[in-house]
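One chain comes next, on its own, written as structure tokens: the form predicted alone.
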Amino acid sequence: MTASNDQNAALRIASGRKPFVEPLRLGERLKEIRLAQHWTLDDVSQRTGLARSTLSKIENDQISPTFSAVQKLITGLGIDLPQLLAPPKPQSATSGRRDLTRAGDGQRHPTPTYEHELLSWQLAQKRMIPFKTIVRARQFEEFTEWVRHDGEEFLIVLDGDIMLYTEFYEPLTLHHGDSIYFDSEMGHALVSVSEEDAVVLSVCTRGDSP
């Protein structure tokens, strides 16, 4: 090989166009296997004996599993090592999904404190859960316990004013047009402080629970 060819090969490698080895995407592959079986992280934890937090870190490439952890994974999931190490299947860039909800056509879920209207409710396996809520509660004491659920939540006030109570912060007043993003595993509760019932729009991530 001439010096010129050596230089061209080095440039191709440096530019990333021709890597020597395909990176091992074990965390991504583990998540692909888990979701294909409709398992939560808790399900996999029970099957393998690995902590939920450890599994989450493996899936998010925050840690590399030890040989012992890999053995527990293939035994608990009922797979062999080549299946675990196989590269993840390529994802389609565009799914083309859509789901229209006309005004008032959401799926209603009334509670003593809220009246939820689930939007895009016919679309399965969503990454987000959007819903509109009429806040009926007028005082915090109407809640028997904190509201909490997996994932994170974005909330915007569409009408009226609310008081947002959270487990780790002082109560916060939100007016029409105000919005907030928070960890929805943290206990929280909404109370209407306007003359009429307040209305909010919330968008939640699914977390790991179905």
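For the two forms, the rigid core is made up of the largest set of C-alpha atoms that agree within 1.5 Å on superposition. For every residue, the number given is its place in the sequence shown, counted from 1. Owing to the predicted nature of the structure, the values given are computational and were not obtained by experimental measurement.
Unshown form predicted together with the DNA; subsequent notes refer to it.
- With the partner omitted from this view, the residue of S179, N60, T144, Q37 that lies near the DNA in the predicted bound form is N60 [heavy atom within 4.5 Å].
- This chain is drawn without the DNA; in the predicted bound form, the residue among L26, M163, V157, L50 with a heavy atom within 4.5 Å of it is L50.
- Taken together, L41, T54 and S64 are fully in contact with the DNA in the predicted bound form: each brings a heavy atom within 4.5 Å.
- At the 4.5 Å threshold, heavy atoms of L172 stay clear of the DNA in the predicted bound form, well away from it.
- At least one heavy atom of A69 is located within 4.5 Å of the DNA in the predicted bound form.
- Just one listed stretch, out of 163 to 171, 42 to 50, 179 to 187, 148 to 156, contacts the DNA in the predicted bound form at the 4.5 Å heavy atom level, and that stretch is 42 to 50.
- Comparing the forms between this form and the one not shown, the C-alpha position of F182 differs by less than 2 angstroms, with the core used for superposition.
- Once both forms are fitted on their core, the CA shift for T101 between this form and the one not shown remains under 2 Å.
- In this overlay on the rigid core, K72 has a C-alpha that sits 2 Å or more away from its partner position between this form and the one not shown.
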